[in-house]
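Okay, so here's just one chain, in structure tokens, the form predicted alone.
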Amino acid sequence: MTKRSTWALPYAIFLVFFVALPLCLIIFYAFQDGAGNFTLDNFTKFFTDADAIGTFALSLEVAIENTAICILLGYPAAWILANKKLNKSAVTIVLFILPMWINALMRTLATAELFHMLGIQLGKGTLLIGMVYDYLPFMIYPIYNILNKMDKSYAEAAADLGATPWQVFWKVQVPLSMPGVISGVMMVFMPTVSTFAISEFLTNNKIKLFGTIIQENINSSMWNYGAALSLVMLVIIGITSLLQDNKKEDVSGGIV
């Protein structure tokens, strides 16, 4: 018990049983048919199924729209929170955290009930509003953390050299905050693509996202096809994560 590595054992066990093992099971079932034989038919079915491809394309469309709205709303909010002259109270930051203390499913049900009370017809518009409401904090806080920890001497130096406040913001603060923006995009985009509960409750299941297809196949005991769809999503997440790391390095290199 005196070795530091010993204290890592519980975390290693957790990772094995709740991360590595489920991933292995997904891969195992994705390449099998109902009889347990090796096959690639599950992936062929996905790439040849017009409905599945259409749902995947719609999921990407909704995810891009949700991410774009979250950036447009989240960046100004993060900038105001990080600006000591505009935000002089820590209470404002807590107000953005409060919705995250409530279960996401309860927030979604409350949002759906609010639309019913207002007589608003459920559809893509209500879906995007619910998505933004649920994921906006995940865009704000990565950007806020970067802006809050940013060396203020960069902005001061730019102002001393004659830059206007807009030029300081656009040419100094925005480039330096890009790692936070990229992290926020990752935290909003990928969960949006794979979610299913929000689309079910906020559209009365009129709009199905990629996560809904996975859920329906799993609930219908079509484990193999559901696992294949999950693996496709995992591959996309992995590729996106690699691109995110490369972009962060490019941004850092450009700053240096």
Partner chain sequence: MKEHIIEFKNISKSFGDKCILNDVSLNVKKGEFLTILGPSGCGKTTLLRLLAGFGSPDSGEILINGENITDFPPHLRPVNTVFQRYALFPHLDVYENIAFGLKLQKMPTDAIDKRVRNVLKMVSLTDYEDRDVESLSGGQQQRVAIARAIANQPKVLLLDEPLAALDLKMRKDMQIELKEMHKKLGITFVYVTHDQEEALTLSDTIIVMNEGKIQQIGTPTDIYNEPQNAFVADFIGESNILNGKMIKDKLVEFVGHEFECVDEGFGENVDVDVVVRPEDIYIMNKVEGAQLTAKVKSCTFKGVHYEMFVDTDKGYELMIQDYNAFEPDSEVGLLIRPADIQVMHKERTCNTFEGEMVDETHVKFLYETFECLPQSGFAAGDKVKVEVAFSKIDLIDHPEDGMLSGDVYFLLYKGDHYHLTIMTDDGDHIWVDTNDIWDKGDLVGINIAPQDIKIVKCND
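Positions refer to the first chain, counted from 1. Since we're looking at a predicted model, the values are computed, not measured.
One more form of this protein should be noted, the form predicted together with the partner chain, which is absent from this view; the next part is about it.
- Shown alone here, Pro99 lies farther than 4.5 Å from the partner chain in the predicted complex, counting heavy atoms only.
- When contacts are judged by a 4.5 Å heavy atom cut-off, Tyr154 counts as touching the partner chain in the predicted complex.
- Shown alone here, Ala158 lies within 4.5 Å of the partner chain in the predicted complex, counting heavy atoms only.
- Although the partner is absent here, Pro175 lies within 4.5 Å of the partner chain in the predicted complex, judged by heavy atoms.
- The listed set Ser89, Thr164, Asn103, Asn83 contains one residue whose heavy atoms approach the partner chain in the predicted complex to within 4.5 Å, identified as Thr164.
- Heavy atoms within 4.5 Å of the partner chain in the predicted complex map, among the stretches 122-130, 91-99, 137-145, 165-173, onto 165-173 alone.
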